[in-house]
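Single chain ahead, by itself, as structure tokens, in the form predicted alone.
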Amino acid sequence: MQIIENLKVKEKLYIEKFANGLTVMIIPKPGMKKKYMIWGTNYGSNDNKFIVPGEQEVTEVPNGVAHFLEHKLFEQEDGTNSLDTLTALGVNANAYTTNDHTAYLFECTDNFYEAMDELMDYVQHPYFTDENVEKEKGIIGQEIRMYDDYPDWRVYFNTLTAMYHENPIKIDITGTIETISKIDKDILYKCYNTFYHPSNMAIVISGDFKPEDILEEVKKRLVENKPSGEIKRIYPDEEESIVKPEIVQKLEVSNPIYTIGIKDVRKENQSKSETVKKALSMEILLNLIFGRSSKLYQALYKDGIIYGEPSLDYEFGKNYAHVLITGMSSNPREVYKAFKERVEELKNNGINKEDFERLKKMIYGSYVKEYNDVQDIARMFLSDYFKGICSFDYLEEIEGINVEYLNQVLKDVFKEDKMVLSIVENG
């Protein structure tokens, strides 16, 4: 068993890779009552074109299969639903699908091993029939229609549409009514057998456990699987340019919602260290430019142009990276104009060292806080694992970031010709 210790937060990560390829990560939390388990597969909505290990031909499936699979795994052959079973145990269970991965999880104080029995059973025993697949299309179709009218989702999704030409990141995770109509049980079984192999999956467990004991409990519940080869994922080439600088949609909203997007370039073969440093630098920069204590935020809030603090995100995956700044404003175009002016001001004058040091400490503190919560730490370690990162790396790499590095990232990423504005307004 590999043990990684971080003395800064006095935490240990225990990692075991089983013979079938499954990676299990244990983060002990002595004395903590809450327990958390999450089982994820390195398979998300972007993975629609691939070559199955051992095959030569390319497989291409309809958009929305990863999300459809997530829904279907809860349904059991005996007619029960595993989500209902877990809820009856008194645990808080859920699942989610992203562009990059799918995960099944639960949090509890009691009945951990009973919940573990259920989760590890339903994830390893899919049950798809023509009838239950057709029934699910109606349920997911309702979800798709709901999101079509959901302003927060539309402003986000429209931003991706304005930024990306071909990258599957611009495809709705749920798919469309048309694409899910093409999904059948054979497609689901093929994607399940390809992407739900243990070698493409990872489990993270956090709570008051002895690592050796909990690993034995996992082993007991694993279905035997032979090692599998590498899945070849095929993604289209993406231009560096944006598609359009502005996109507007009219929906019923009390005030306009906006997202400022900045398309970044995800370098091939970027080192783990550089990936982490870049992500940390983007957090610092976004807070410096538009965080609650920033000059820009204070001015726009005082003038009544924005309502509350915007969300500041830097999202990145295997083949994409972008900035998203989302908020509510009486005049989104005025916000966008002021944002671009502030960026140029910082480029021309450089970043104030005192502001940099203050925000660097704030970001460091936010990461330390995450390690205190079993849910936050487990989900962070799973997501980062699929990106090739150990979540402890953030605490190590942040020390190596200086003002000069930050100024360079500012110039490299915050380019006006890579920026878009998405607006959802009343109409």
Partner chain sequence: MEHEIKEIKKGIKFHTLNTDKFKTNLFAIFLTTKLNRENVTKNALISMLLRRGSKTMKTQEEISKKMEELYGASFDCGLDKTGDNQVLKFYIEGINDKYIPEHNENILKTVIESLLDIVFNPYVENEGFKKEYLEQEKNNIKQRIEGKIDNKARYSLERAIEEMFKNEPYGLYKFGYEEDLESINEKDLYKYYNELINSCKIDIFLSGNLSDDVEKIIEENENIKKLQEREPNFEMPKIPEKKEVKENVVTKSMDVSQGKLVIGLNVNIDNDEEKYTTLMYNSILGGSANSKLFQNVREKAHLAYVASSSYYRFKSIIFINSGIEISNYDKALEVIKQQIEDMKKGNFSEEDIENSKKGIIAAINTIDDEQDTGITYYFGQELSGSNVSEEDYIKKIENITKENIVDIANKVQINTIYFLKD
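Positions refer to the first chain, counted from 1. Everything quoted here is computed from the prediction, not taken from an experiment.
The form predicted in complex with its partner chain exists for this protein as well; it is not shown, and the discussion that follows is about that form.
Asks: Contact between P151 and its partner chain in the predicted complex at 4.5 Å, heavy atoms?
Replies: Answer yes; at least one heavy atom of P151 falls within 4.5 Å of its partner chain in the predicted complex.
Asks: Look up in the predicted complex whether Y189 has a non-hydrogen atom within 4.5 angstroms of its partner chain, and give yes or no.
Replies: Heavy-atom contact with its partner chain at 4.5 Å: absent for Y189.
Asks: Taking the shortest heavy atom distance, is V253 within 4.5 Å of its partner chain in the predicted complex?
Replies: Although its partner chain is absent here, V253 would touch it in the predicted complex, with heavy atoms inside 4.5 Å.
Asks: Evaluate Y297 for contact with its partner chain in the predicted complex, applying a 4.5 angstroms cut-off between non-hydrogen atoms, and reply yes or no.
Replies: Within the cut-off, so yes.
Asks: Considering its partner chain in the predicted complex, which of S181, S273, N193, T87 comes within 4.5 Å of it through any heavy atom?
Replies: Answer to the contact question: T87.
Asks: Under a 4.5 angstroms heavy atom criterion, identify the one residue in K226, R333, K135, K220 near its partner chain in the predicted complex.
Replies: Selected residue: K135.
Asks: Among 276 to 284, 122 to 130, 226 to 234, 137 to 145, which stretch has residues with heavy atoms no more than 4.5 Å from its partner chain in the predicted complex?
Replies: Contact-bearing stretch, as computed: 137 to 145.
Asks: Let me test this: is every residue among G54, D100 and L410 within 4.5 Å of its partner chain in the predicted complex, going by heavy atom positions?
Replies: Zero of three within 4.5 Å in the predicted complex.
Asks: Could you pull out the residues of 1 to 39 that have any heavy atom within 4.5 Å of its partner chain in the predicted complex?
Replies: Contacts from 1 to 39: K8, V9, K10, E11, K29, G31, M32, K33, K34.
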